[in-house]
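Take a look at this one chain, the form predicted alone, written out in structure tokens.
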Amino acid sequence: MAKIEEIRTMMYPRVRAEWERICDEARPRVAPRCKACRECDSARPKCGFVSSERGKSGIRNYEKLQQIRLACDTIYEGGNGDEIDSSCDFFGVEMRAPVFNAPIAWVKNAFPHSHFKKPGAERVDNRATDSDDYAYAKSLIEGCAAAGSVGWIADSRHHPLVHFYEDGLRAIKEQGGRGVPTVKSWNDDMMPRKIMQADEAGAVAIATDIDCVGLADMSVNGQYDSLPGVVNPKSAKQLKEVFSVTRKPYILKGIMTPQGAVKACEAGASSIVISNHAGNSLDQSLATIEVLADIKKAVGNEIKLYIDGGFRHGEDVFKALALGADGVLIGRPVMIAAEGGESYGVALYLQKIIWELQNAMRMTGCMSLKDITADKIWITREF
């Protein structure tokens, strides 16, 4: 395996070959909930990753992206590719491209056979708690940094023997604050306390996934047993008050309507993530890409728009940018990358996405991100 520093100089065919090898390495570790498919389309029954009974929203994310195609045009004065600039700014951090990992916590809950293990740990609530979430978070944060991105870490249910949020903050602090912690919408003093912890770790920005209230173990029928923490919906006023404990920019993840985006602006958020939680929080929702243009129309440039849900290639990132997004978050494939190659795997996967985006820009006559506009894509069916 090459060194992580060598990834940016690899030819694209080698990157693809390395990605195949990493998937092969990851496959037994992510089974049985994921097969590390060559093309991850979230479709059931072959995929057991989505926790809702039907999983239609997650599938729709992927399918709607396939209804968009790119407009090829190479009649322009160009060069060898060095003129293609996919760089962007993320709250003062220079990034090589607007591509991030999506925050997913508790790796052993997602992948029972994960290689991120702490030997000899106990079990709580009949769930594995022997995961080394620090090693997992470190892989995400280091890999994203090596690729020129910013890593996101997640929060989740509280168990005495599992400290994924704190482990993630430790990884962010070690990377000089180059990360975004994502806090659940807790209904007591836990949320402001976790926001202050993120602030102390020097995080670039702080997020909250406000749609977590629909997750299987956090919904109206969720069972917390004797464990602390309950999540509830919050108004714009409540969110503004909660985040008043920090001066860091904050991000609301889980926006799916123009009205929700306007309320996020009222809450003082610096940006939003258009997200349906990969279809986990509400089945039968629209795909994220379907609502992007309407949300952009509602808020214009008042707030930064990021999006996740079914994005698998750099060409998919291009589609979102053309419809008004400022960046894209990618979830499960980055988890697979971490399982198959730790920080090297994460950096390699993101490098693959960045090069695919840059090639899409080259093939459509876009020298920079501002050139990626709606006339560079075709929507092949009515949304």
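All residue numbers are counted from 1 along the displayed sequence. None of these values were measured; they are calculated from a predicted model.
Another form exists, predicted together with a small molecule; not displayed. Remarks below refer to it.
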**Prompt:** Even though the small molecule is not shown here, does it sit in the predicted complex so that 149, 326 and 369 each have a heavy atom within 4.5 Å?
**Reply:** no
**Request:** Quick one: find which of 303-311, 195-203, 168-176, 83-91 has residues within 4.5 Å of the small molecule in the predicted complex by heavy atom distance.
**Result:** 303-311
**Prompt:** So in the predicted complex, does any heavy atom of residue 60 sit within 4.5 Å of the small molecule?
**Reply:** no
**Asked** Just to confirm, residue 285 within 4.5 Å of the small molecule in the predicted complex by heavy atoms?
**Response** no
**Request:** Would you please decide whether residue 277 lies within 4.5 angstroms of the small molecule in the predicted complex, comparing each non-hydrogen atom pair?
**Result:** yes
**Item:** Contact flag, residue 289 vs the small molecule in the predicted complex, heavy atom cut 4.5 Å
**Value:** no
**Asked** Can you pick the one in 182, 114, 185, 139 that has a heavy atom within 4.5 Å of the small molecule in the predicted complex?
**Response** 182
**Request:** Could you spot which one of 95, 236, 298, 104 gets a heavy atom to within 4.5 Å of the small molecule in the predicted complex?
**Result:** 104
